[in-house]
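Only one chain is included here, represented as structure tokens and corresponding to the form predicted on its own.
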């Protein structure tokens, strides 16, 4: 069977999403070393993170091996990513709406993964997900649970987040039109999905059949999609294409924000790779305007040729 235009657009959207996410990851991973400062507590400090301690406490710390724990970092990072920990601690009224919103998105991603597994099962194992087989029953009910809860929580959370941005004076001041557009875009995708779920696809059998047609590359029948389902698929594809090129791709940056910025306290010792990275950054020339340095100099020249109050030393010249 030939691949339809809608199926082709799904392949293209997914490919763009993966390539764009990988490109962003590569870009962020190759960026220069960040500003070197210590922000404590650092979760990878073995035995010290609980009280905000540091390996610098040890006499002659530079002569001793560091003891770190990746588990400490993962625990804190997962608490932020899965439960929006910092919003809960510092902005509870926002957390009340943004957590259901994010949880709804996580559940929809799990739903898509389960549709994928179900599609593989039907296309290549010859096992109907709606049969009484234990594996089929497991995938069927997990799909039903994640999809239903994801739609409900995501839709309500999206509405709540929009309301908070309008009502909260502080948030309204720094909310740009793009913030509202992104939320409205996601809301439209959710509301179309909710309408399709409630009216024509209560058990997600049509969604699974479409996924099966995708994973089988057109060798299985393409289900009949009405206008609402077709619009939902197209908008979902556009959302996947759109996300990596916006600030909504911050999920990619969590690792760099935490592991490479907040918690990177590796010492800058003579002859270390950190020293090499710092030396490289010091060669960069500054070309933006500010009163406290001389444009055109490298960072190293700025450090040696500009007085603390911003006045250039007479012996310094811009090269």
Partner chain sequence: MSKDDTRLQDISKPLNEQLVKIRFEDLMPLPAPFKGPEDEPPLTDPKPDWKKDYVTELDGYIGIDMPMPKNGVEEKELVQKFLNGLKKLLSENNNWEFLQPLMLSFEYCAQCQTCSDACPVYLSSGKKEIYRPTYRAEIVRRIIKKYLTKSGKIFGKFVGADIELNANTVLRLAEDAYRCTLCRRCAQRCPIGVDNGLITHEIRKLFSAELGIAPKPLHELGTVQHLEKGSSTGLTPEGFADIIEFIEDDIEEKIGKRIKIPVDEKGADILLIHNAGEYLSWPENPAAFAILFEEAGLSWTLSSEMVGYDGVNYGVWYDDVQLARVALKHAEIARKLDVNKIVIGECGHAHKAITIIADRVFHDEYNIPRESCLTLLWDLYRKGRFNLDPDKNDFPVTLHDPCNVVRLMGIVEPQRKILRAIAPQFREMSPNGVYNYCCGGGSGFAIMQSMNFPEFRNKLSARMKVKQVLEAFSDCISPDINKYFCLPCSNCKGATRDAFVHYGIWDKCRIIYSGLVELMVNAMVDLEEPFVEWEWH
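Residue numbers count along the first chain shown, from 1. Note that this is a predicted model, so its numbers are computed, not measured. Each form is matched to the other, and the largest set of C-alpha atoms that superpose within 1.5 Å is called the rigid core.
The protein also exists as the form predicted together with its partner chain; that form is not presented, and the subsequent description refers to it.
Engineer: Each of 84, 173 and 289 within 4.5 Å of its partner chain in the predicted bound form, by any heavy atom, yes or no?
Structural biologist: Every residue of the candidate spot has a heavy atom within 4.5 Å of its partner chain in the predicted bound form.
Engineer: Taking heavy atoms only, is residue 178 within 4.5 angstroms of its partner chain in the predicted bound form?
Structural biologist: Heavy-atom contact with its partner chain at 4.5 Å: present for residue 178.
Engineer: Against its partner chain in the predicted bound form, would residue 249 count as a contact residue? Criterion: heavy atoms within 4.5 Å.
Structural biologist: Residue-level check for residue 249: yes, a contact with its partner chain.
Engineer: Classify residue 94 as contacting or not contacting its partner chain in the predicted bound form by the rule of any non-hydrogen atom within 4.5 angstroms, answering yes or no.
Structural biologist: Residue 94 belongs to the contact set for its partner chain.
Engineer: Is residue 67 part of the interface with its partner chain in the predicted bound form - any heavy atom within 4.5 Å?
Structural biologist: Residue 67: no, not in contact with its partner chain in the predicted bound form.
Engineer: Pick from 185 to 193, 130 to 138, 241 to 249, 219 to 227: which stretch has non-hydrogen atoms within 4.5 Å of its partner chain in the predicted bound form?
Structural biologist: Going by heavy atoms within 4.5 Å, the stretch is 241 to 249.
Engineer: Superposing on the rigid core, I want to see if residue 298 changes position between this form and the one not shown - specifically a Cα shift of 2 Å or more.
Structural biologist: Yes; that C-alpha moves by at least 2 Å between this form and the one not shown.
Engineer: Could you check, with the core superposed, whether the Cα atom of residue 277 shifts 2 Å or more between this form and the one not shown?
Structural biologist: The answer is yes, as the C-alpha of residue 277 shifts between this form and the one not shown by 2 Å or more after core alignment.
Engineer: Kindly check if the Cα atom of residue 286 is displaced 2 angstroms or more between this form and the one not shown relative to the superposed rigid core.
Structural biologist: After core superposition, the displacement of the residue 286 C-alpha between this form and the one not shown reaches the 2 Å mark, so yes.
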